[in-house]
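In structure tokens, the next block holds one chain alone, the form predicted on its own.
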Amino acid sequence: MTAATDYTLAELCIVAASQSFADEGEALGTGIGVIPRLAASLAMKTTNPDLMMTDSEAWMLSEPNPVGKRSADFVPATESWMGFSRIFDNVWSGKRHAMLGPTQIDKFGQSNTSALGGTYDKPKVMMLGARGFPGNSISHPNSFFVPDHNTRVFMDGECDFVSSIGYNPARLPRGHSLDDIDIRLVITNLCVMDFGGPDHQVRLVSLHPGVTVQQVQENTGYPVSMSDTVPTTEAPTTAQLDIIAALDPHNQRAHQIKDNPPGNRA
């Protein structure tokens, strides 16, 4: 396939994030936020046709819905009904993979979507809440998208509030082991990471074009494992960009990363 030469950072992140769903097989892909949702949709259209998605209401789709307002004659490709109880059956079976954007991610891969600063009774900032994330994080694979890679997100110490399980033996639920944790990929505006380093240390998988190893480490509040040679994140192909444009006709992707610079910042 022909690699594109003109693409945005958001489009690079969408393609990189879609790789987390590539080997999923028959599973439910849940992308929370524009870029994670487009990433799952792109995987469904290219690398993993067995992936299923919901319409965020109660239906399973065999074709991803485009982002944003749709035409009056749009007909979603509904395959089956998936009400609330069936969602839980799917979660507990492990046949789901969610990608979302936490506010904090610590060295264990634990994340925070709940509260910042102070105490939980009187936080400085109250956010969405843990919601279903504690159970989701122990039941099925999860990935993260971070639009602004910095030491406030990848912070020193433990998260202010632990919303999801990571590779921290001290916080494992009874009867579980670290082998039950499955954090696939962490996509940021600087790089792709995972927790495949020694003892589940965060590891640098690839650098986005024009980004240095030093930039990644300076913006991460804990040591990042890396090899002597770090590959560059692959550029989108023209075919992938065409699919992304069709899935996001209103270009909402352009507003998900500050200033949305070119994907190649070399």
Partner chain sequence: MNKQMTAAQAVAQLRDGMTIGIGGWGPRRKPMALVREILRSDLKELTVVAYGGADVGMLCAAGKVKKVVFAFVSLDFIPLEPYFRKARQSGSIEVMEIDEGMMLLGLRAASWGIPFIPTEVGLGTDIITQNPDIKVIDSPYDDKEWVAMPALKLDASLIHADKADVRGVCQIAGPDHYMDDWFARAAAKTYVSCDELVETDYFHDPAQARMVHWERSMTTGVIPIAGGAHPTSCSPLYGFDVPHFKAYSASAKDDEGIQGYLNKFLGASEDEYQRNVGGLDAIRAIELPSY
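Numbering follows the first chain given and starts at 1. Computed from a predicted structure; not experimentally measured.
The same protein has a further form, the form predicted together with the partner chain, not shown here; the description that follows concerns it.
- Would residue 163 show up as a contact with the partner chain in the predicted bound form if we use heavy atoms at 4.5 Å? Close contact exists here: in the predicted bound form, residue 163 approaches the partner chain to within 4.5 Å, heavy atoms only.
- Message: Taking any heavy atom pair closer than or equal to 4.5 Å as contact, tell me whether residue 37 reaches the partner chain in the predicted bound form.
- Response: Because a heavy atom of residue 37 falls inside 4.5 Å of the partner chain in the predicted bound form, the answer is yes.
- Query: Looking in the predicted bound form, any heavy atom of residue 59 within 4.5 Å of the partner chain?
  - Reply: Judged by the heavy-atom cut-off of 4.5 Å, residue 59 is in contact with the partner chain in the predicted bound form.
- Is there any non-hydrogen atom of residue 68 lying within 4.5 Å of the partner chain in the predicted bound form? Residue-level check for residue 68: yes, a contact with the partner chain.
- the partner chain isn't shown here, but in the predicted bound form which of 196, 76, 123, 157 has a heavy atom within 4.5 Å of it? When the partner chain is considered in the predicted bound form, the option within 4.5 Å is 123.
- Which of these stretches, 226-234, 200-208, 48-56, 23-31, has heavy atoms within 4.5 Å of the partner chain in the predicted bound form? It is 48-56 that comes within 4.5 Å of the partner.
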